[in-house]
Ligand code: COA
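To begin, one chain is listed below as structure tokens, in the form predicted on its own.
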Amino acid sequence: MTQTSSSRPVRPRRSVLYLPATNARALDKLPGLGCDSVIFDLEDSVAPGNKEEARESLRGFFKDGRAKALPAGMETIVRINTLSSPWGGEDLLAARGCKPDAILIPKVETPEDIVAVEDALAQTDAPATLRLWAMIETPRGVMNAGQIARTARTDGARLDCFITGTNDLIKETGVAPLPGRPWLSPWLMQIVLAARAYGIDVLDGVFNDFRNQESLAQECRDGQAMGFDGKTLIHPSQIAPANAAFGIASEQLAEAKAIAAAFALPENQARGVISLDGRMVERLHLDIAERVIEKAALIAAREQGA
């Protein structure tokens, strides 16, 4: 059966923090942080000579009880090296054994990059709940974003989220990293469009100057306006601005509740279109409203430590 966006669980992904799997101090501090998701990194932040150490550190974190001490609802993701690299196969086995919520595949350029990991997971009898995230961070990946996202609609698909690798895109294309990202934004919007077309989440890339809170907050607001679900982060100080920008505003929640209440009226339950406060509202808006309400509840529970 083909999956639809409405069938996917709602998950707040306002703030998604990268942590090198070798950084023991950062791992110990993780339970006290307010990020929605954490990416344990085995790839870019780990030097080639430290890959095995990173895998052992990751295994230890999930085995010794520290992972169970994470706040309820904090999503866990492991970024592996590409399967074509010398470390990818061992990374995938280590990640599979740790039982995170998702595995993040770097440098995804074609649908086959997703299928290869899905096939490898199938050989290990990985549970269907183990999701895949994909980094779109090369020119070829951007050009093929729609085809890649389409794999989320196949039977038994695991693909759940895109992450834009803005640093790599800048490096590979040579565009100037100017404030407001004028040259990068068209490609980012292409990635957002592909994700939305096939019902998966999409996260903005990192902001490198973690001491510049004002510019970070502006880029978070810009990312939210562009349609991103959240932002990937490199430092705990970036969590609060991201949560603020990508949260559910009180006016947005009030509107969602009004739409849900209007369609719940007996005279409207069978209608596809209704009038609400002088404007036309379709049943597709009800689907969106219900997801907003659910996400707001999950965020509230997360922030209350439930």
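Everything numeric here is computed off the predicted structure, so don't read it as measured data. In this text, residue numbers run from 1 along the sequence as written.
The same protein has a further form, the form predicted together with coenzyme A, not shown here; the description that follows concerns it.
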- Task: Report yes if any heavy atom of L286 sits within 4.5 Å of a heavy atom of coenzyme A in the model of the complex; otherwise report no.
- Result: no
4.5 angstroms heavy atom contact with coenzyme A in the model of the complex for L19: yes
L276 near coenzyme A in the model of the complex, any heavy atom under 4.5 Å?
no
Against coenzyme A in the model of the complex, would A256 count as a contact residue? Criterion: heavy atoms within 4.5 Å. no
With the partner omitted here, the residue among A240, A249, L33, A261 that in the model of the complex has a heavy atom within 4.5 Å of coenzyme A is L33
Checking R221, R140, H235, R150 against coenzyme A in the model of the complex, the residue with a non-hydrogen atom inside 4.5 angstroms turns out to be H235
Counting only non-hydrogen atoms, the one stretch of 113-121, 95-103, 206-214, 175-183 within 4.5 angstroms of coenzyme A in the model of the complex is 206-214
When coenzyme A is considered in the model of the complex, the residues of 108-146 having a heavy atom within 4.5 Å of it are none
